[in-house]
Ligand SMILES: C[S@@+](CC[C@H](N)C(=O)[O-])C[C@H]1O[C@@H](n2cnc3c(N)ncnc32)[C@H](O)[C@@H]1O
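The form predicted on its own is given below as one chain in structure tokens.
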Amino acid sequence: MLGIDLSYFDGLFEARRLGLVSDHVHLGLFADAVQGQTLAMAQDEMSMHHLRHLEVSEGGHVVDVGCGFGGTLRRLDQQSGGLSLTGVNVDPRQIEIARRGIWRSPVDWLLCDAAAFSNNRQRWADAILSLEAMFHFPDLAGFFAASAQALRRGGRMVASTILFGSGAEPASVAVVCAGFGPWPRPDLGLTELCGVAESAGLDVLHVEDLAPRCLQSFDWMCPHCPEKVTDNPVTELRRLFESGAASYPLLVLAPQDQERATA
């Protein structure tokens, strides 16, 4: 796994083998107006929400950095034709699962760190996606720089992550980071995140916090939080979301024009 410990995925691999989880390994996006939403349905809606912001055009090259079990790329492949797809992950086990089955579009699978996915290639991607994966990335500046380098003129990037606010309970944050590590920057804030992206050559076009619509996901994963902090990372992540101390920002980005990027 390229020196990165993603051992919390061990349980997800077993659950996937038993058919207990789908190809999505992220929180769901629930809507109050939709009755009977399951977690799998809400996870699919989370993927669709990202893809709607991505505005993929027919014939485009789409890259998913931190592709997990391939659920979002597969959703895109099902709804759109004539695409070129690339899935990026540091974990060969996840790529092995993601590549299974029938794909309508050609797919390249890259086993590498998020900051290395472009491999010095210039202007080859039309759209870049990273769904709920950036909190793992040890080199965010490198990832955004690689994305700015990879995107063609007129390209677009959609990326989401989980951030903790200044009022977050330190003990809960510690449990979450230990259980869902690597989580190298638990202190990272939205202003700094946007600043890193802009310094790398990307304009931030839109930001929205999806946290309120993620809350119901935890009803499918763990009981309500007890009064005292536990050693369960899912429970403590729920506590942080319920207290408003965790946010789930989605960023829509685009490459800066060449003159501005090199100024």
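All of these numbers come straight from a predicted model, not from anything done at the bench. In this text, residue numbers run from 1 along the sequence as written.
Although it is not shown, the form predicted in complex with the named molecule is what the next lines describe.
Asks: Let me test this: is every residue among 90, 114 and 133 within 4.5 Å of the named molecule in the predicted complex, going by heavy atom positions?
Replies: Every residue of the spot touches the named molecule in the predicted complex.
Asks: I'd like to know if residue 241 sits close to the named molecule in the predicted complex, meaning any non-hydrogen atom pair within 4.5 angstroms.
Replies: Output for residue 241 is no: heavy atoms all beyond 4.5 Å of the named molecule.
Asks: Just checking whether residue 253 would be counted as a contact of the named molecule in the predicted complex - the rule being heavy atoms within 4.5 angstroms.
Replies: No, no contact at 4.5 Å.
Asks: Although the partner isn't part of this model, could you tell me whether residue 66 comes within 4.5 Å of the named molecule in the predicted complex, counting any heavy atom of the residue?
Replies: Contact with the named molecule, yes.
Asks: Does residue 138 reach the named molecule in the predicted complex, with heavy atoms at most 4.5 Å apart?
Replies: So residue 138 counts as contacting the named molecule.
Asks: Identify which of 172, 161, 147, 94 has a heavy atom within 4.5 Å of the named molecule in the predicted complex; exactly one of them does.
Replies: None of the others qualify; the residue that does is 94.
Asks: Which is the contacting stretch out of 164-172, 67-75, 120-128, 189-197, given heavy atoms within 4.5 Å of the named molecule in the predicted complex?
Replies: One stretch meets the cut-off, namely 67-75.
Asks: Does any residue in 23-39 get within 4.5 Å of the named molecule in the predicted complex, counting heavy atoms only, and if so which ones?
Replies: Heavy-atom contacts within 4.5 Å come from 23, 24, 25, 26.
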